[in-house]
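Shown here is one chain on its own, the form predicted alone, set out as structure tokens.
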């Protein structure tokens, strides 16, 4: 499917032609179907409430939408700020080819998070109240504001890419504003990523000692940083198949090693914290929490570290396994903190929770919408570096980095 838009000047002369394309494949039709079903469920939820579309109750007020769409969504979208830090602050220019795709994935991830929050909040029509009612002592207030502001910043950052093709007159102004937006865009995620951990730190006695610690904010922040490399590896692999684009192995391997360095720090802090708190023995009780905890660390941290610093990371298969295990480890961690970690406390009040089918449909639908948006934007804008730029005459490639030559 291709749409051609022609912009005509006032004098009637042809000024420019903008082409939009989006090829529908069987997988994209599947995404579209899931997204349509999710939209239908969301509309029912808005009209009839949470009780009609979820299995949430007074004992389990947080369920799949909070754990998957928000807690996990925020973590997995951390690749954007991590990549921006490495490329634009630390000036590791060899990673520039993945910067735009990582930041786009992060933007779409945060849009999913914002939509997830809107859907999950009981009285969704009051979503605007935190903007005018300043609950500055609340952790959730800070999380809400940071996520909202960061999403706006990411949209503005993407506009710098978008205006290479449309509304070109605004491009030079956005380009000048990019350094400021990047600084803000790197700072904000460090606040709400750690604050989500702080939220569970406040639940003293309610979270299993294997996960509850004063270092929870630090662990949430570190894991959001190192999971970024895993997401980028998976995203680049999928983009390679769907969009005929491949990132060079040395680029991904270098990023994976940086991620593994953060994993080592994470693991050392975990072990030290457990020894100091006297909870090390809990990890070897071989009950459900300890098995989940050991699985999370072994498959999500230790094995990826081994892959990163071995010859396995010099192959695409090894890199893909690094990405799968790292992402799976963070998924397990966020689910463990909420469900495994708090399950015993919540169950003592007689409540139980199993996500409804409609909850799965909404979560999968939001992911499907994000995938479709990524494919459309990657096909029509210079995201992956192999797209014909609307400023082709004003851009040169130097040391793998796009540099403007326009005066």
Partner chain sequence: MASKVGRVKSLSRRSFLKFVGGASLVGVTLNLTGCGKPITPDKAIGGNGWMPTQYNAPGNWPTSVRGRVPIDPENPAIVRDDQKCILCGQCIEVCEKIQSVFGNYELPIKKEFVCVNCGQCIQWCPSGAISERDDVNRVFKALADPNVTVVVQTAPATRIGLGEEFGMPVGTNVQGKQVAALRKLGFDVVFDTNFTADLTIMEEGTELVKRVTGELHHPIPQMTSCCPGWVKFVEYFYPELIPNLSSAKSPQQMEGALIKTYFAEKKEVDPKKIFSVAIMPCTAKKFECQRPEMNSASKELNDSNVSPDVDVVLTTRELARMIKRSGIDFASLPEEEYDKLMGTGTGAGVIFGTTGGVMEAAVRSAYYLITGQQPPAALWNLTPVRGMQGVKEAAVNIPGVGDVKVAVISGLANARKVMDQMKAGHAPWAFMEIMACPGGCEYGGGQPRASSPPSDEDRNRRAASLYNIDAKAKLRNSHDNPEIKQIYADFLTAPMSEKAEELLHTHYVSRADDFIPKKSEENKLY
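Every value quoted in this text rests on a predicted model; they were computed, and no experiment measured them. Positions refer to the first chain, counted from 1.
FYI, the form predicted in complex with its partner chain isn't displayed, but the following is about it.
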Residue-level contact is defined here as any heavy atom of the residue lying within 4.5 Å of its partner chain in the predicted complex; does residue 176 satisfy this criterion?
yes
So in the predicted complex, does residue 133 come within 4.5 Å of its partner chain, heavy atom to heavy atom?
yes
Although the partner isn't part of this model, could you tell me whether residue 145 comes within 4.5 Å of its partner chain in the predicted complex, counting any heavy atom of the residue?
yes
Residue 149, heavy atom within 4.5 angstroms of its partner chain in the predicted complex
yes
Could you spot which one of 159, 184, 303, 262 gets a heavy atom to within 4.5 Å of its partner chain in the predicted complex?
184
In the predicted complex, the residue from 285, 155, 180, 271 with a non-hydrogen atom within 4.5 Å of its partner chain is 180
Heavy atom contact within 4.5 Å of its partner chain in the predicted complex, the stretch among 288-296, 303-311, 231-239, 125-133:
125-133
Taking heavy atoms and a 4.5 Å limit, what residues of 28-64 are near its partner chain in the predicted complex?
none
